[in-house]
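Let's start with one chain on its own, the form predicted on its own, as structure tokens.
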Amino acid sequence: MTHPTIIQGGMGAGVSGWRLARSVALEGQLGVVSGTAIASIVVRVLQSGDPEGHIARAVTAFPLRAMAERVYAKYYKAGGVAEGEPFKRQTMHTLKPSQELMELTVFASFAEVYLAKEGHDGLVGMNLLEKIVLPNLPTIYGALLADVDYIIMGAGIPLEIPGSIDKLSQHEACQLRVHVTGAEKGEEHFIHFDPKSVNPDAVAPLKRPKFLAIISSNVLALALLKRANGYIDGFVVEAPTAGGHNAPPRGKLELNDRGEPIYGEKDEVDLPKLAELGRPFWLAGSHATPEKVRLAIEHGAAGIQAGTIFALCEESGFTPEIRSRIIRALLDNKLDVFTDPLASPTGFPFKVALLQGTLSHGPSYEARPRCCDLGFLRTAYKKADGKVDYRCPSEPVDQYLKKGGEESATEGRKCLCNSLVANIGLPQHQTSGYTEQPLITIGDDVLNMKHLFQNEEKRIHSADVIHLLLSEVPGAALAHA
């Protein structure tokens, strides 16, 4: 079985959007779209007037045309929302989501994958976070309807995902376990999804995509192979220098002088032992150079996953202004990357670029009125009356405390949901008059990429990146057959 050498990282909330994934797939490598908050993104694109009619084109391709037309009709706004006008929000995901939300999520996921795969036969995958459990099943099903080639998942231990993919490909009902804080011993909670609820006439099986688990240790790889409810096709081995969420250090948490988590020998993966497991693996986190691609293959890897270098490409979902600011700061030696142990409501370390005008900047963070109106990173908890509710340490502090949360958990927390969507030019304009600000996540090795922007235009394209990364790999295919 052959695999791509380069996996383009699945950077959250639209940075690895369909345009970037498609451009990578056209070069014979694995383009990856992010499934994170995909329904919110499609909702806002529709309310922006569906520029160039891309979502409308996905409607015509969707196998459940009436369902897609309902979604389009509800959210599409000709000419787009007025300047400063708030976007209409979809309802938040819960243990019992509405039929309307399920239809929206399935269609939005389909649209993203369909547009990435449109007009070619290259490989396209979807990246998801295990921690964002509530929308994952309908998101995966929508991707399957679009013939997705790979599902890639990290930020947790995705034991139940391979088996769920098996069932979804057969249009069978499935469930995922949901952790509920305060639940009694032996008490279990699940999120359920039945494809027949949105696709009642489905008969023909869908293609089962390959499943890659993102890991940070040999222990996790072995646990997944032993305990997962389905087949693991391979692993992405992510080092703590990668952008986005990082796995916490193993053992006692210690911070350096800057307040960042300290990683040590326990956090290094034994590649020879990993190779003995007999599954292909890709190395991620500061591997985006020709030499490191070659060395990864020499050490038994199928290749590498690279995110940051693709995030800086013209095809990425970053707005041109944000991408230009990052590159300008890099070239002026003013770019700093900080592994923030507090920023993410998940409790995982989260890597941010320290730039003024973003939530990494103290005054910008303090100026933001706290709210939780997207809710993807909320966690479930059991109330005194036995009912399940949801809370987020980034919501207003008084609300979090009323829900039984501890005040210490709110310190330094940032609203990733709103800020990451702002990164791609779709910020919410709150009724208070506040416009959501970005928060840039990027890997440590961005500081070694100045040489990529020495051209007059100060820009790079994904095809150039792929040709560069494969330049020391003998016989590497640089274009898809």
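A residue's number is simply how far along the shown sequence it sits, counting from 1. Note that this is a predicted model, so its numbers are computed, not measured.
Although not depicted, the form predicted together with a small molecule is the subject of the following passage.
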Thinking of V24, E315 and G317 as one candidate spot, does the small molecule come within 4.5 Å of a heavy atom in every one of them in the predicted complex?
no
Specify the contacting stretch among 408-416, 429-437, 442-450, 55-63, defined as having any heavy atom within 4.5 Å of the small molecule in the predicted complex.
442-450
Among P135, G142, G244, G125, which has any heavy atom within 4.5 Å of the small molecule in the predicted complex?
G244
Which one of A146, A221, L129, V352 is close to the small molecule in the predicted complex, taking close to mean a heavy atom within 4.5 Å?
L129
At 4.5 Å between heavy atoms, is V71 in contact with the small molecule in the predicted complex?
no
4.5 angstroms heavy atom contact with the small molecule in the predicted complex for T339:
no
So in the predicted complex, does V15 come within 4.5 Å of the small molecule, heavy atom to heavy atom?
yes
Should A306 be classed as touching the small molecule in the predicted complex when contacts are defined as heavy atoms within 4.5 Å?
yes
